[in-house]
Structure formats: structure tokens, C-alpha cells
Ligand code: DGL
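Given as C-alpha cells, the chain that follows is alone and in the form predicted on its own.
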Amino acid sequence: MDSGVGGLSVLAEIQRLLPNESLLYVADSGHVPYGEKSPDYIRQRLRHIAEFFQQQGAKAMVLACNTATVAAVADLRERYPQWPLVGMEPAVKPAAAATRSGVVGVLATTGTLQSAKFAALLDRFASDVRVITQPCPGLVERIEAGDLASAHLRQLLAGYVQPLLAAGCDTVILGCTHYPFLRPLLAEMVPADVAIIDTGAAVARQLQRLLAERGLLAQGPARESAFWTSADPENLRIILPLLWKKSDSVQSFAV
């Protein structure tokens, strides 16, 4: 699940690594962005979505959203102790290891950057590097609207990237699952020797490990991926071919 369509970037990594698994995806787009919601509100949404996944017979759940992970993953693990649950966190550790200049930039939502979990990541893995954080209001909303290349989006993204480059960042963390869809634009804006890091592939590997430990890996073949949204399903049908692939299996998720 994700607060919107950003988690499709993680879903792609999961399908790439685990092609035999049948995938269910809930875009809680009727409540996006999560970064402006209270932790209690987000926990209520995640409980609702988790119950839905259980009713669908899901054997594991991925919170493909940094804000949802911060607010709700501990609560869900307490409620579903036998259910493999995988959350997201910004790639601070690999970025700190990759930087040559000692300066790392983070593009993320305000909610992620203000969280105690993000602060703990910095304390644990980035004590020897300088981390420049850049909140990016508006980017999620543009991607949710299917905008990956407009002049307005370019101007917005450039305004967030330039301070990181000016500060000497040679490594940039994409701290929101929506942002990997902006990689082509970012590649035009940053020098070729600046590393751009996200955590989608690491999440897929963690899911694979947890399923293998429990003997839950599918032998295939996978069913067609199924999608639900708490917003207008037609919006998701329009955006899916841009971010994933065309699918007729888009249904309304009860708000």
C-alpha cells in the first residue's frame, strides 16, 4: 500500500525480484498526502487497509510509504505478529557509505524529515557525514496527477535540487516512494557523478527474506496484479500506464 501511487515504484522492484508472487495494491489517494495528517489518523487508515488485505487473503504486507511506516508499522506489527510486514525508511546508511564528498542530500516530505525515526537514522548512520535535508511540498501532488515532465514540475524540482548541489552533495536520497518516477528529470538536473539512491530494491529483498523464512514463497504463476484506490478509480486507470502498465483490474476501495 501507499498513500497514493508512489508505492508503484516499490511494487515494480517486488515484481522484478519475485515474479511468481500475486500482487495486490491499495492507493489511499483519497487521503493523500499523508505527510500533512496526524500519526493517529494514519494509524487508523493503515488498520483499515490491513484488514482489507487480510480479507483478500494476503500473506504479507508492504508499507511502501515512509510516512505510513513511521506512524503505523509498530502498531501493525503488534496487531498482526505472525504477518510479515515490511516498511520503508530513507536510505541513509547506503548513502553515508557511498558519499565521497561527505555531503548527502535528502529529498523527502516534510512529515518524513520531521519524524523521530529519521532523526534516529541520522544519529545511527550519518554521524560522520553532513546531511542536507530538503522538504519537497507539491511533488507528490504533481506525480499523483500524472505529471512527470511539465514546466511547472521541472521548476519545482529544480528549486529543491539546486540547494543540495550548491551545498556540495554528491549523493542524493529519494526519501519518498513517489520520487523514483522523477529519476529521468533528476538525471537532467544533477551531474553524472552524483549518486541517486532509493530503497525500493532493498524493500523487495527484505520481503523475499521474510517470505522465505516462513516458507511462503510462491511457486507461480502469478495472477494479474489487482489495484484499489480510495479516490476515483478512473484517475488510477489513467495514471497506471504512465507509472506501471495498463490494467483493467482497478476497483474502488471503501473509504
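The numbering used is simple: start at 1 and walk along the sequence shown. Because the structure is predicted, anything quoted here is derived from the model rather than measured.
The protein also exists as the form predicted in complex with the named molecule; that form is not presented, and the subsequent description refers to it.
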| item | value |
| --- | --- |
| One stretch from 164-172, 106-114, 77-85, 146-154 that, in the model of the complex, holds residues within 4.5 Å of the named molecule by heavy atom | 106-114 |
| Heavy atom within 4.5 Å of the named molecule in the model of the complex - residue from Val203, Val32, Val26, Leu46 | Val32 |
| Interface membership of Thr67, the named molecule in the model of the complex, 4.5 Å heavy atom rule | yes |
| is_contact(Ala95, the named molecule) in the model of the complex, heavy atom dist at most 4.5 Å | no |
| Contact of Val140 with the named molecule in the model of the complex (heavy atom, 4.5 Å) | yes |
| Residues from 216-234 in contact with the named molecule (non-hydrogen atom within 4.5 Å) in the model of the complex | none |
